[in-house]
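A single chain, nothing else alongside it, follows as structure tokens in the form predicted alone.
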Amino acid sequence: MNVCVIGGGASGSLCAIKLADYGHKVTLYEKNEKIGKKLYITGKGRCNLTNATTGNEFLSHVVNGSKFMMSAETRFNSTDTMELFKSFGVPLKVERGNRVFPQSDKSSDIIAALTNALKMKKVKVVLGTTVQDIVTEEGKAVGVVVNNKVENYDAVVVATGGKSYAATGSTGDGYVWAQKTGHTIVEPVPSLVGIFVKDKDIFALEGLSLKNVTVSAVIDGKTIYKSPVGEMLFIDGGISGPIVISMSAYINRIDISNAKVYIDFKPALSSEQLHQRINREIAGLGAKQISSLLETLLPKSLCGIVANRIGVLMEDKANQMSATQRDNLVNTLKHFDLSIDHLEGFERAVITSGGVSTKQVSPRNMQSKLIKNLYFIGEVLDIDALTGGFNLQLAFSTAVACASDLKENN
């Protein structure tokens, strides 16, 4: 078969390599001057290649599309990805949270491995070229339009990514083609992003990092998401960091106009235990100021904000705090509330949530249920996961599912 793959990112490159492995003639179109441009910035330039978990444990980190991904993840999981890249000559390492990186900590090693494999497999790579349209006849994909000319193919694979980091080429082209061929697009929204808040009292905290805290998203009294214990960061006008961006994946498709974030600064302690600790600290401080008490519980830059919220002055005596003020302190430390204003946009989004509806794509092989020989793989689909290498694995799993199907139908 003569197959066209549109998009030279993680999913497109691997799909093209596998298709060539299976004896197909493959052309890979990439609008950028090189393949894998977005891979350069993943994992802060280190390329978090995958996550060393499989099966249900892996799927539990998939926010949208976990059921859809069951078949593809079974056929090609993180173990397979690791073995593949080792066979490409890339030594790997596993870090905290089962995150997998190249041993060199260089994303360029991953890109070089894909580039070399494409060359070895004799994939025709056409760089700096934008596909203008997909050509269909009688419910079947038969080619693409490039430079105002129709190029005929037996199958077309769309691997154009989402809308995050548009500078890397993710400009939503695949959504346009999908809609033109009758597919439903679940509205794309930014995911794995920071959260801006309305509470100006925390704006001065920009740069403050906290460890061993939790965050919860609450809307109209209902908890939508609660994070595990982890790290967060105050940014200009809001909050970010690992547990915050994970939370964004669970609230980016709903109305957050009345949403609040609650930070628990002391998740290891129950309210009662925290009460007891505060009383012990006060007893030990004697006539010292409340500032001294708060500094045993919080980073110094947070102390004045908490004091204001519970209605005390930093220079007041700690041992003169009333029972109500002590209750308020416990409540504030366990439920420090922030009102959500909005989420960061696509320009900062790690991934896109939304895309081609998985109801119209076969989970076994990624082929469209509406147009024969048209395939959608990777981030262009309505699938997304948490940070930690899971999203790249979704890209690889869908790529191999697609290529394997074309192998079987060769």
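All residue numbers are counted from 1 along the displayed sequence. Source: prediction; values computed, not measured.
Separately, the form predicted together with a small molecule exists; it is not shown, and the next lines address it.
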Decide yes or no: are G194, G241 and S353 jointly within 4.5 Å of the small molecule in the predicted complex, with each residue judged by its heavy atoms? no
In the predicted complex, the residue from N64, N32, S368, T27 that sits within 4.5 Å of the small molecule by heavy atoms: N32
I need the one stretch from 355 to 363, 66 to 74, 32 to 40, 337 to 345 whose residues put non-hydrogen atoms within 4.5 angstroms of the small molecule in the predicted complex. 32 to 40
Closest heavy atom of A159 to the small molecule in the predicted complex, within 4.5 Å or not? yes
Contact label in the predicted complex: L392 to the small molecule, heavy atom within 4.5 Å: yes
Close approach of L406 to the small molecule in the predicted complex, 4.5 Å, heavy atom: no
Quick one: is N48 in contact with the small molecule in the predicted complex, heavy atoms, 4.5 Å cut-off? yes
